[in-house]
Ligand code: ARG
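Starting off, we have a lone chain in the form predicted alone, written out as structure tokens.
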């Protein structure tokens, strides 16, 4: 089939170059966006009198038919037939409606056409990604509501540190995801400008109406510089950056779930439907979903690095290197969507084991800080209280006690300020409930955090 850019060239493109140059096998996923943009462009051309109105209407009807046939599976794309989705749709259109189809490309270039298609595609995908993140946040809220007083160890350096609740831990991830939602929304704001009308790089001599096209396609503004219009891929980089941070959050939670479901922790048990077994060890129940998410995080990081690397040395305006944006962006979107789709139901179906969490909390001297606070509230400087409790921990380790079981006389040998009420002060639930400072693990404070997240979710659902 003759190339749409034939005329200047006297020889056919070499087959290997044709295949190497072609992008239709991956950019064909933007078929709907390409048709959507072309229909708005055709309407503008007819409205401005740049092409006859009857041709504009024939183009729109022809494109509707192509869209229906693609979605019905009646049209297939191949590098042999088409170079990219833009040329594919135009060739199909011309085959169906004749010369009117050849007028569609008036006052535009593939450079501003693909810039538009990518923005439309990314805009749609961000909406779907945001919805999936919100669903995961809903799961975290439901889990938190059922575990407001489920005491567990909080860790620093992966060492048991202070008592918290499982709800408090989950709310930390809910807040991370809240920031992820906002980053995705920032990406939407950043791409909310129409590049079409920039032409190849220098606009056009035709009397086009870019504001009309922007309104038709739901953009709030048009891009102010034609060079920037065809060469900007900031929004792709911002998206992959946001998705990389999101994947980092999913990876961190995955790592914790992997630890929690091990026999060494046994804080939770994953549902059989979201676990796998071993081909040789019949007792195994492996958290493969979490491990894959942890591994796929590096893949999304790689997509971001791809974009940053090929964009860093490009002069204005369009360069063929920019064709590489699509596979990186598509892969990042697909990977994150697949991870979110399996992560939420995995968490929703897992079994929490509160008794094991509490047992771990009792064994690690997690109430040592509260024991020191007990002394400071009786007038001791914190550093003196810290040293006294450190000595008590040493005594406990030598005698096989915990701070809960150590006799009062042993306390008083170290510091006479200790009285019988120390045991109430260092009770794990007391330790948790007394941490009422803003952002802390006290159930009433976690309930406030939970309410904030739920209000955020309600607001986002109303916006959608």
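Every value quoted in this text rests on a predicted model; they were computed, and no experiment measured them. Residue numbers count along the first chain shown, from 1.
Below, we refer to the form predicted together with the named molecule, which is not included among the displayed structures.
With the named molecule omitted here, the record of contacts in the predicted complex names 104 to 112 of 129 to 137, 104 to 112, 180 to 188, 308 to 316, defined by a heavy atom within 4.5 Å.
Put simply, residue 284 is far from the named molecule in the predicted complex: not one heavy atom of it is within 4.5 Å. The closest heavy atom approach of residue 27 to the named molecule in the predicted complex falls within 4.5 Å. At a distance threshold of 4.5 angstroms between non-hydrogen atoms, residue 90 is out of contact with the named molecule in the predicted complex.
Although the partner is absent here, residue 320 lies within 4.5 Å of the named molecule in the predicted complex, judged by heavy atoms.
Only one of the listed residues (238, 84, 232, 303) places a non-hydrogen atom within 4.5 angstroms of the named molecule in the predicted complex, and that residue is 84.
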